[in-house]
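Only one chain is given next, in structure tokens, and it is the form predicted alone.
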């Protein structure tokens, strides 16, 4: 599974303070720590930490690029901020994210083509988040069709079926699993699937076990990528073990160490 580290986000107090103080050291340490823990890409979100998100995104990407050339998922709803992040991050980046409605797809798909980036597309449209897997699948199909029409290969599209907290809507985790399975049938090559994992446990009292268990369930359904806290070692251990059991990774007695190395 493609693990995207979630911690460089201005919603976290330490990151917000670093952005406001223009102190690159905490950001760079977070980048290195997440990569050492198994992240293959880093989510980058300035959050509400600044009145000038355009400048903040440029500063944040520059700070990260001083210590790693790992792929970055530029996380913003603002097209101009997204463009700045992609320009500085370079090819192989990820647009995180577009909703599956036409006006946003018309902006972000060409941007992905121009910057040789992948696109995360949420199964949300003008009517909001669908109630079931069929509604999510319809939006995903429209996203893939729009991507192909505009020259973005389906395998550079990452469909996010939008997990909601289990304590708010308990049927949703099942609908998301079904969507992950169904997305693989939309095209050849098929789009990828991705999930902002931590949302499933938001507001619950047992976040760690919910995240860990649901991640394994999603992997069994065919999930390709997740935005998650890679520093949670028990969750990452469960992910690595699931990859072995699903025959996605070669078994050896030190499979946990082998993955991280």
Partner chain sequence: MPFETPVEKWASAVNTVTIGATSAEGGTRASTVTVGGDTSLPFLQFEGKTPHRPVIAMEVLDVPPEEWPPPMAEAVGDVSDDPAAWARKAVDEFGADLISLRLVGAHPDQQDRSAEGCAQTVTSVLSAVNVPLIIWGCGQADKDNEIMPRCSEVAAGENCLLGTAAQDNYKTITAACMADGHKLLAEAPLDINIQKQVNILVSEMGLDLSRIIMYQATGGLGYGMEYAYSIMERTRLAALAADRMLSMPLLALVGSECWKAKEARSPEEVVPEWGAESERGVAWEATTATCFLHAGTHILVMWHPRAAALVRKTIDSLMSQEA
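Numbering follows the first chain given and starts at 1. In this text, all values refer to a predicted model and were calculated from it rather than measured experimentally.
Not pictured, yet referred to below: the form predicted together with the partner chain.
Although the partner chain is omitted here, in the predicted complex none of 21, 29 and 116 has a heavy atom within 4.5 Å of it.
Though the partner is left out of this view, residue 25 does not reach within 4.5 Å of the partner chain in the predicted complex, counting heavy atoms only. None of the heavy atoms of residue 14 is located within 4.5 Å of the partner chain in the predicted complex. The partner chain is not shown here, and in the predicted complex it never comes within 4.5 Å of any heavy atom of residue 87. Proximity of residue 155 to the partner chain in the predicted complex falls within the 4.5 Å heavy atom cutoff. Residues 247, 250, 251, 252, 253, 254, 257, 258, 261 of 241-261 are found to place at least one heavy atom within 4.5 Å of the partner chain in the predicted complex.
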